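For reference, the chain that follows is the form predicted on its own, supplied as structure tokens.
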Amino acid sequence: MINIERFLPAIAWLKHYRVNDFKQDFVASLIFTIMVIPQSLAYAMLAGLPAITGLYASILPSILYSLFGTSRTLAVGPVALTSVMTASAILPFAVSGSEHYASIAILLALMSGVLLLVLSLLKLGFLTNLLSHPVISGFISASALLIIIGQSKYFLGIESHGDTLLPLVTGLYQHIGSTNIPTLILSAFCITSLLMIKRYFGQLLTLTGLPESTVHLLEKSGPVIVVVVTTLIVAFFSLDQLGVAVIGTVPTSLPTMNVNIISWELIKALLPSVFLITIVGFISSVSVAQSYAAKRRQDIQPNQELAGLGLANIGSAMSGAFPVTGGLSRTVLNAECGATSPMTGIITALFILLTLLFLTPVFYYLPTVILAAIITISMSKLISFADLKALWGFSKKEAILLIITFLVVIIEGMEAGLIIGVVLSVLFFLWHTSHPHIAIVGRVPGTEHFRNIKRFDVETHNTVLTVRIDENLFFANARVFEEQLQSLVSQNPDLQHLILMCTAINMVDASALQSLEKIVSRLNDAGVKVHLSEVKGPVMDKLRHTDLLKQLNGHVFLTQHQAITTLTQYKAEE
């Protein structure tokens, strides 16, 4: 019998949904909608699309994820990183603001959604593990820096293009002479107001005697106050007539994808960008979802998350918008507003739809500088020097990986940075595993424990050498392992028994098996018996069907203690 809940997780929480839950979610959704609208508008602008597109991307995707996703808290919609990656992917093919640009954005959302569904069907969520922490950290910090520099054109009221450091800086330098003074003044007001409200608004609310929980919630609405005030200033003083850029008239119809400008060549050219947008979006989304699930003792199913996010992106494409995912800032706001279930995603979507239907005229005088200021302050939090400092103290190789990823993103772009980061991560991993840690071990006196002779005062025997291999054995390290063992044996002329302690070995491939057979054969000719100890069950199951155990001139011992006891007694009897 088909388990419908597996494909439609909403059934599970709807079974226990009550009227009181709806009342709480309704209030939470109302507050959340007010707070998230400016953010959605800003991230659409970041993607190089009309700001109102951010609201299109917050309706159907939110509903679909609420029905098909497994997180009770995750809020899906426009997110800074995927937005800027969207702009980076489209700019080589179209001019921002054109019909062609909007069509490619819709195509990106559609392709990302289909890819997520394919990954879900094939259960390939593990591919996201290719992005290590240093790569993600370097990528996020560099992307945030580029985003901040890119917002400067809105603060200055000038035209400037580019998605890497040199073009961005060059463009700003070339056009800085045409800075719009009213825009610059308004920008200073927006940034100062946002920073002041962030620092002091909560303290002012506390003085009113409101409960701490209410204060904590209301202080998050600070940016909304600045948005309203700046919009009123622009409207009252007609600053749009002085060159201050505003949202303007909101279109009454949804953008559509012009299929005539879509070709197979374009689709193939976009595939690398689609893959990276999908992987980065999924990683950030699942990490946020899992952190909140752990706090609330709920369960997250990664493969179903792939399906939920895939349908959300297809929904975004149907809405004429761009790729979406689960965002940290959106989810934090959602949780702090008091969301109890995914119903908040559905109710919020309906509130945003009502806003689009009846309140779009209020966006006319909304200045783009306030959205740029919101983006800039939000992105500044993502530039982390603490990560680099911590990694430098823990692992210089990983710190260097972070630095390289950061520099490549800054100089060559986001896609190149991620690709280089992933390639270097794999190369570092292969280098590490191709140089396995091999320790000579001895028995801790009076115990059955065996430890590295370089770290502990242990008992050893001249005729018995125990070597512990702290790595899986496969093609990348088979030859190095073979050479290291040969070197160790040559340094012990009295050696009669070599014990390979296999505690940490979980896998042996064909190349390593061949190396083991060579070692047994060579040492047999040299009069040295080779023994195995503490071989794990799955490894032993594979070895039973090979010639290694037939050629082995020693024994396979269950424990290392048994091996040493048996061989030292055997030597004593001789």
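When you see a residue number, it is the position in the sequence shown, counting from 1. Note that the structure is a prediction, hence the values are computed from the model and not measured.
Missing here is the form predicted together with another copy of the chain; even so, the following discussion is about that form.
Highlighted residues K153, Q241 and I262: none comes within 4.5 Å of another copy of the chain in the predicted complex, counting any heavy atom.
Another copy of the chain is not drawn, but in the predicted complex it has no heavy atom within 4.5 Å of N180. Another copy of the chain is not shown here, but in the predicted complex it comes within 4.5 Å of a heavy atom of L513.
Shown alone here, S287 lies within 4.5 Å of another copy of the chain in the predicted complex, counting heavy atoms only. Contact annotation: D299 falls within 4.5 Å of another copy of the chain in the predicted complex, judged by heavy atom distances. Annotated contact segment (heavy atom within 4.5 Å of another copy of the chain in the predicted complex): 387 to 395, selected among 387 to 395, 226 to 234, 336 to 344, 161 to 169. The single contact residue among F126, Y173, F358, Y200, judged by any heavy atom lying within 4.5 Å of another copy of the chain in the predicted complex, is F126. A single residue from the set V480, I149, I403, L91 has any heavy atom within 4.5 angstroms of another copy of the chain in the predicted complex; that residue is V480. Along 504 to 520, a non-hydrogen atom within 4.5 Å of another copy of the chain in the predicted complex is carried by A504, N506, M507, V508, D509, A510, S511, L513, Q514, K518, in order along the sequence.
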